[in-house]
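Read the single chain below, which is given as structure tokens and is the form predicted on its own.
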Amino acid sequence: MKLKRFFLRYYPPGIILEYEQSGYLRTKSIDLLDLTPECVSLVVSEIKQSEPLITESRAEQVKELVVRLQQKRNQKERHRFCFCKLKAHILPLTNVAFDKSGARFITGSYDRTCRVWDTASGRELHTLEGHRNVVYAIAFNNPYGDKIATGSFDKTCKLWCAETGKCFHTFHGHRAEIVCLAFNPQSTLVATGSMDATAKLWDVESGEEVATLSGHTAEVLSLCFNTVGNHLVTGSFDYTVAIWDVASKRRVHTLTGHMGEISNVQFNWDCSLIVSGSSDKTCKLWEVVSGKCVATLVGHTEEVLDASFDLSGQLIATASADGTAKVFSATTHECLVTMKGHAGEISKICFSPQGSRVLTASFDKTARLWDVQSGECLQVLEGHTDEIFSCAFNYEGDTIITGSKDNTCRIWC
């Protein structure tokens, strides 16, 4: 093996090694999720000991990269967001999503289209037309950003070229509405979840169905690949969560214990834990290897509508129909802060890439920005005239998009 070059990954902190092996270029990542100012020399020493590709001659270069990561991590988030652009569909929006760089974003809508927008100018780049019903689930194949998947109530998923707007494939096979989808990290597969109680895997290159993941007894409302791409997790209205081995297409674990429908499921960055939110007013934390529930996160008085890890995997944010959001420790399972201020249920929650802020979208027509440590509301993003049910940060955390039932998305920068 011969090391060719380094790449820096700011969020979450890490170094990507590109190396040559048997004539092929390959990559591996060194995750530095617990980076602190005091530990630079120790980190470099540990990397040298554990990674054969890092020789003594490369040690100084690695140290420079670790210092740059540390400097980026120490930058304080002081950005105050201003309303920049308003973009419209002819019917309410369903979802919004950025590409990896944040240069483009996409919106799905009840008007049966997905639209591709330039973030800086707000200009519409493409209208992806062809679905015969609501476009509900949308995603870029990040980090590549050259393909878009759209899932519709017409029971199909379509794969598009992000550059030209051309439709590559239409995936047929589900017997009911598609309500969630995701690309695997390698961008070789698309997973779709449907109201027909199944998830399916599709080959991006050929457009063929790879597998039907059967076993749930009610709608599959949420799914997520882990960061390696070897496992998929699905959450269902049957009160269960399932972990699937992607290579064998078999169910590894069925996670039981919730007393209500599953609203959201997500892996943490290092693939060791899964968080699930439920209408039973709780979130549960599951160990991936054993399938055991390691914690039940309580405190909400109404259903939990969304749950999310920060990129380090150390914190969990939850959003509830009770109008509050909470941040929990993923290690102690303690509730660290409760964020109060919304006048309606909170449908979406996400961390900024830096992890020091949380963004919430609510039925009260506002989105709010919160400080993770204090729980203080830093900013109220006002202007939508109806419910907001989708929101997202770009990669740098300096631009936000919000999608609303008022037929518009707003860009905040």
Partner chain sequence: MEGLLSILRRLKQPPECEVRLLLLGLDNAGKTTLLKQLAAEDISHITPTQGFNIKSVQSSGFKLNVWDIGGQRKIRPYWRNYFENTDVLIYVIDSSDRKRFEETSLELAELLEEEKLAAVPLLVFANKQDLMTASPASELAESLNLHTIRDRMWQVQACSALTAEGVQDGMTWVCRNIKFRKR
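Residue numbers count along the first chain shown, from 1. Model, not experiment: these values are computed from the prediction.
Unshown form predicted together with its partner chain; subsequent notes refer to it.
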Next item on the list: Could you tell me which of 139-147, 77-85, 177-185, 327-335 sits within 4.5 Å of its partner chain in the predicted bound form, going by non-hydrogen atoms?
Entry: 177-185
Notebook entry, point to check: All three of 94, 279 and 363 touching its partner chain in the predicted bound form at 4.5 Å, heavy atom to heavy atom?
Noted result: yes
Margin query: To verify the annotation, which of these, 311, 201, 221, 162, has a non-hydrogen atom within 4.5 Å of its partner chain in the predicted bound form?
Written below: 221
Next item on the list: Would you mind picking the one in 106, 305, 191, 128 that has a heavy atom within 4.5 Å of its partner chain in the predicted bound form?
Entry: 305
Notebook entry, point to check: Closest heavy atom of residue 133 to its partner chain in the predicted bound form, within 4.5 Å or not?
Noted result: yes
Margin query: Although the partner isn't part of this model, could you tell me whether residue 348 comes within 4.5 Å of its partner chain in the predicted bound form, counting any heavy atom of the residue?
Written below: yes
Margin query: At 4.5 Å between heavy atoms, is residue 196 in contact with its partner chain in the predicted bound form?
Written below: no
Margin query: Can you tell me if residue 263 lies within 4.5 angstroms of its partner chain in the predicted bound form, counting non-hydrogen atoms only?
Written below: yes
Note to self: Pick out the residues of 140-156 whose heavy atoms come within 4.5 Å of its partner chain in the predicted bound form.
What the structure shows: 153
